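This document starts with one chain, in the form predicted alone, laid out as C-alpha cells.
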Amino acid sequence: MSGKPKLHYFNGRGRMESIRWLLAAAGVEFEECFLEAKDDLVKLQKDGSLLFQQVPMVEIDGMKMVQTKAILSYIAGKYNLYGKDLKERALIDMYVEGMIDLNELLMVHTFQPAEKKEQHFATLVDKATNRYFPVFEKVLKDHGQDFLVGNQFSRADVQLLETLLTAEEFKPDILAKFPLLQSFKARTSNIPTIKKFLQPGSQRKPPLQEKDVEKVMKIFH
C-alpha cells in the first residue's frame, strides 16, 4: 500500500475539488478511486468506511476521513497551510467559510432546473461581485501583503484562487472591478505546485457539464 492519500469520490469536481486543490498546492501526490455507480457508494457504506454514510472520503495517515471541512483542516494543519497561531487560524477559517458559501452557489448551478438557471446565475454573480469579492479585495488592500493572512501562503489563498477561477468560468470578466484580486490570481497561479495543477493533464477536474448531472444523480440518489 502506498503512502499517498486516496480520494474516494465521483470523477468530477463537487466537494472533493477543494481537497484536490489543497493537496496539489501542498505538493502532495494522491490517488483517486472513482465511484462509477450506486453500488460503489453502497459498498463503502456497508464496509463501514463512511462514518456518516457519505463521500468525500479520504484515506490518509491510517484514517478514513469524511466531512469536507474536517479533511481540509487536517491537510492544512499537516502541511503548514493553517497560519502560525490561533488568531491566524481563526482568520483563515472565517475567510474560507465565506468562500465555501460562494462555492456552494457555483457548484449547484449545473443542477438547477432549466427554468431557474437564469435567476440562479444572476444571484451568484450578484453575490460574488457585491458580497464576497469586495471583502477579499479589502482584506488584500488593508493587509498589504501578497497573501490573505500573515505573510505566508495558506489554505485561504488556495481556496480563494480556486473560487476566483471557477467564477471566471461562469463570467470571464467577473473580476473587472477587483484589481487586487486580479493580481492575487496572477501571483498565486504562478506558485510552482499550483502552476503544475493548472496544467492540462493534472488531476484538476473540468467544469461539470449537463451530461454529467444524470450520472452523478444515479450514484447519489
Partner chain sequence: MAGKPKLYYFNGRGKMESVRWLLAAAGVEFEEEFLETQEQYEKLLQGGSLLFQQVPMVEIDGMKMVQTRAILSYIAAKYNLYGKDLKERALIDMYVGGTDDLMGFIMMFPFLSAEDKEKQRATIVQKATSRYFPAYEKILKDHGQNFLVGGSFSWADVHLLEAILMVEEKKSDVLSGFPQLQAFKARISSIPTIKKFLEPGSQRKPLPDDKYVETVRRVLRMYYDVKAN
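Residue numbers count along the first chain shown, from 1. All figures in this text were calculated on a predicted structure; none of them were measured in a lab.
We do not show the form predicted in complex with the partner chain, though everything after this point is about it.
- When the partner chain is considered in the predicted bound form, V108 lies well away from it, no heavy atom lying within 4.5 Å.
- Interface membership of H143, defined by any non-hydrogen atom within 4.5 Å of the partner chain in the predicted bound form, is ruled out.
- Shown alone here, K87 lies within 4.5 Å of the partner chain in the predicted bound form, counting heavy atoms only.
- With a 4.5 Å cutoff on heavy atoms, K64 counts as touching the partner chain in the predicted bound form.
- Only one segment in the set 22 to 30, 161 to 169, 177 to 185, 66 to 74 has any non-hydrogen atom within 4.5 angstroms of the partner chain in the predicted bound form, and it is 66 to 74.
- Annotated contacts: L51, Y95 and Y132 all touch the partner chain in the predicted bound form [non-hydrogen atom within 4.5 angstroms].
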